[in-house]
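First, one chain by itself in structure tokens, the form predicted alone.
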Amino acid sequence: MKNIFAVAGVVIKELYRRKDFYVLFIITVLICLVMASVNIFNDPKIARYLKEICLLLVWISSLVIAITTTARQIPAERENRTLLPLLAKPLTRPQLIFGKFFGCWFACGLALLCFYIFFGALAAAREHQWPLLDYFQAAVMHWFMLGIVVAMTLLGSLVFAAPSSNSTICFVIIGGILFVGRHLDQVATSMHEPLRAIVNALYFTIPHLEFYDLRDLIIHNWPLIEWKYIVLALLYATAYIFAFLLGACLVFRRKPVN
């Protein structure tokens, strides 16, 4: 674990030395502040529209940070010729994979913390309330969803040649899961065999990232979700994270490092 967290610490420092997070955070802040200054027809429910826009920007920014940061980890080590020195130390390939994962995941968690603190302050300025437990549930679910994304992208970085192609493919896959994946079971009902079985198998195989989208809970001030369902969703995410990391370890085990 000491080696894993040493690699993770380097990844976290690398993220905050780069300007990706700062640019996305400043853009999100500026757009949200402009929207917060607008009072459309004195509508008292304008805070809901503001929260919806702000949370959408937080989701987009967090996905961009997670995918772009993870996609360049292994290729950058190979390009900079630091991969062989890393593995020449008492550091195994699985330890490097887990270190890169935890570094990217913890870095995404720190970025999410900044985003949700800003969002909570902005929403409190409009609604004069701060439902901390609602924000906590949404942030934790969001963070574990990013864990799946980071693990998937890390596996992709070992399969695809360039970080750009890996990032593009991951964006397409994750967008498809979020917007289309939830409807695959309904689409399968109108198909004939064996296509129906294939689509149903795909529906039950893909990680359903929409489970972790609790934006409506915050936007409409709905009551908290029961904690047992939150725990089940986190266990579901953990299973997919370890499945992707296991696949990454198996691919990296057979992959030349030079």
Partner chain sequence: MTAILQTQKLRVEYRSREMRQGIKVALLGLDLEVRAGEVFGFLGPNGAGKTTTMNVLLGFVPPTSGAASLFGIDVRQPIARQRIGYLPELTYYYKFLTAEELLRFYAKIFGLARGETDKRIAELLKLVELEHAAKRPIKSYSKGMQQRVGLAQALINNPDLLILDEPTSGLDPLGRMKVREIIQRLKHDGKTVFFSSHELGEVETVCDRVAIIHQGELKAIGGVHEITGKHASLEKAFLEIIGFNSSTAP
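Values in this document were obtained by computation on a predicted structure and should not be read as measured data. Numbering follows the first chain given and starts at 1.
The next section is about a form of this same protein that is not shown, the form predicted in complex with its partner chain.
Proximity to its partner chain in the predicted complex holds for none of T28, L33 and R126, with the criterion being a heavy atom within 4.5 Å. Its partner chain is not shown here, but in the predicted complex it comes within 4.5 Å of a heavy atom of E14. Within this chain, L246 is remote from the site of its partner chain in the predicted complex, having no heavy atom within 4.5 Å. Using a 4.5 angstroms limit between non-hydrogen atoms, V10 touches its partner chain in the predicted complex. Though the partner is left out of this view, E77 does reach within 4.5 Å of its partner chain in the predicted complex, counting heavy atoms only. Put simply, of L84, L133, V180, A121 only one has a heavy atom within 4.5 Å of its partner chain in the predicted complex, and it is L84. Residues within 4.5 angstroms of its partner chain in the predicted complex, judged by any non-hydrogen atom, belong to 86-94 and to none of the other stretches in 107-115, 86-94, 134-142, 170-178.
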